[in-house]
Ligand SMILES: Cc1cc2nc3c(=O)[nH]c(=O)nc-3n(C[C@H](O)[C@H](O)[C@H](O)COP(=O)(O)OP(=O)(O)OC[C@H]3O[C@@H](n4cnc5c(N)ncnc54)[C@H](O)[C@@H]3O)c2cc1C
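Taking the form predicted on its own, here's one chain by itself in structure tokens.
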């Protein structure tokens, strides 16, 4: 089939790679450039932490995250270029003054594993237990949690590898070329057979309920820091994450502001993120700041993802919020079922209703 995809962020590229691999002819239209600088997927840590995220999100998102931990290795294996993927769990830490908040966080995780027994339970660690997993932490923290089985990947490597895959498959890629679903009439002569709208906030004209939630991510080069797995620090205002990538690269973030403002990061949030990182490992004092990225995540009123039909062969996929990498494989598999058989048994597994735009 001849297929048009609007938007070349995470969801657009994932879907395009799957359709191209199946032999379909593709055109992809993106308002930005091939480097995905304007995509929310670039300003992310790409952590795959369904249990950790269960403290702030709904059960369907957690279930999608469990699905993603199985699917990401399969999806990455289909790419020609390497993508860093790790599944060695998540550390959760807190300073003494935040013990009450940590206790609340821990109870939320316990409630999740009671509801979803297939999800590994959080393990409580003392200083010796912390030091066995992360030697640099035992002297700084008296206790923590270890969330086994959780993972992460390198989002920048992934976006580049998917771009290379689309280029090698001969997809027609149109950069700096914004389009909307109304520009196409699927099924008519000279028109595509299907249109998939994956534009994120670019779709607000057709989906007014979308809003932006601002996030800020700092990328550091810190070769002296030896953290080997994603670490979350309980904070009075929001859990801060530190995600180690390859070659001494770390991504630090957490700020979440109800705003679609794309101005540079504030001094306050930058100081909070860097101070929190330093409190976890003093090696961050000599780190070099490589990038400080601000981006807005496309979010619907219930903070949950959604798929809508604009027509028989026009689908909108949106609302991935801060969980893009955690839930994208599940959303991809639902969309592929809809594409191949017009219905999706998997959607009901995730309590995902396929809506009509007029509803």
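Positions refer to the first chain, counted from 1. Since the structure is predicted, the reported quantities are computational estimates derived from the model, not experimental observations.
Note that the form predicted in complex with the named molecule isn't included here; everything after this is about it.
Contact with the named molecule in the model of the complex, judged by any heavy atom within 4.5 Å, is made by just one of 64, 320, 51, 334: 320.
Taking 138, 149, 178, 187 one by one, only a single residue has any non-hydrogen atom within 4.5 Å of the named molecule in the model of the complex, and it is 178. Using a 4.5 Å cutoff between non-hydrogen atoms, residue 313 does not count as a contact of the named molecule in the model of the complex.
The named molecule in the model of the complex comes within 4.5 Å of a heavy atom belonging to residue 217. The named molecule in the model of the complex comes within 4.5 Å of a heavy atom belonging to residue 298. Although the partner is absent here, residue 195 is not a contact residue: none of its heavy atoms lies within 4.5 angstroms of the named molecule in the model of the complex.
Heavy atoms within 4.5 Å of the named molecule in the model of the complex are found in one stretch of 98-106, 196-204, 123-131, 165-173, which is 196-204. Proximity of 10, 29 and 45 to the named molecule in the model of the complex is complete: all three residues have a non-hydrogen atom within 4.5 angstroms.
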